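First comes one chain, alone, set out as structure tokens in the form predicted alone.
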């Protein structure tokens, strides 16, 4: 299998040329050349990102510069106060939870945090939560329910941590319990998949009244590599598995498993984070205002019906 990010190589080469020109800019000739390169870059991005394969979408969803949960918190919310610990075992840095204000409105925030550099990745366990992470998330969501504060969750995880210590502390039970209790929450819940939505580790924060996906995010029961290893005993067939899994935002919207796809800037979320944050904020504001007009009992009934309807076969 070729380097999965080969499709980005021409884009990266032009970006490098632009950066070099900026270092030595100033002359009219260089400014003209810079403008031409920027125009060429925009055209190439449009061409490349208009025909991404599912496997290439996976690579964009995993891009090392893609915004993480705390980037959204900093850009979109005010007065964030983090709450830690599950009151049973420990705090899990792979899940960040707390309260903030969004355009004057109090909100509860819960999200996976992967970490950017090696130290942070290790601290955050690469965004793979343990049971205490899910129990912390539910503790904070219940507090939000008590005060009728809407819950916003941001999903970006390869999956729940599969280590022995996590299994010993009840990983499967923690995920299943979150699914049950999120379905019962008497406050509005808006879910946004921002990067990877991997298996039950993602779904444990994914039961909501509105479920959004960024344009180049993914959401699947298993990673393409894991699927290929199980089906064909060959992880190198991950590209084939990605196509079969129907894990892109476009696929999931068509299957009515998500409610909305949020358009990303040309070149992906990492190419223009401020533009991305503006798009996400617009959708969140619209959905929160819409849900604020619904009474808690009706929210519960609609959420239940929404998830029960998923996977129904016409005429069955």
Partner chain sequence: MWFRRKKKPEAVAADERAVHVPKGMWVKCDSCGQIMFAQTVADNAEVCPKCGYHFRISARRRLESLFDNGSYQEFDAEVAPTDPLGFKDQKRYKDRIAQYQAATGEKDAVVNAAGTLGGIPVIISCMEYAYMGGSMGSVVGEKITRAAERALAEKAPLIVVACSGGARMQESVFSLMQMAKISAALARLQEARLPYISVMTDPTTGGVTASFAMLGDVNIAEPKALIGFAGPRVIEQTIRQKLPEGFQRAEFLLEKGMVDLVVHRTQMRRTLAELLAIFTGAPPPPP
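What you are looking at is a predicted structure, and each value in this text was computed from that prediction instead of being measured. Numbering follows the first chain given and starts at 1.
Quick note: we don't show the form predicted in complex with the partner chain, though the next part is all about it.
- The partner chain is not shown here, and in the model of the complex it never comes within 4.5 Å of any heavy atom of residue 187.
- In the model of the complex, the partner chain lies farther than 4.5 Å from every heavy atom of residue 22.
- When the partner chain is considered in the model of the complex, residue 172 lines it closely, a heavy atom lying within 4.5 Å.
- Within 4.5 Å of any heavy atom of the partner chain in the model of the complex lies no heavy atom of residue 153.
- In summary, the region of this chain contacting the partner chain in the model of the complex, judged by heavy atoms within 4.5 Å and restricted to 230-238, 73-81, 111-119, 94-102, corresponds to 230-238.
- The single contact residue among 257, 278, 36, 44, judged by any heavy atom lying within 4.5 Å of the partner chain in the model of the complex, is 257.
- Screening 246, 148, 142, 88 for any heavy atom within 4.5 Å of the partner chain in the model of the complex leaves a single hit, 246.
- For the stretch 149-163, the set of residues having any non-hydrogen atom within 4.5 angstroms of the partner chain in the model of the complex comprises 160, 161, 162, 163, in sequence order.
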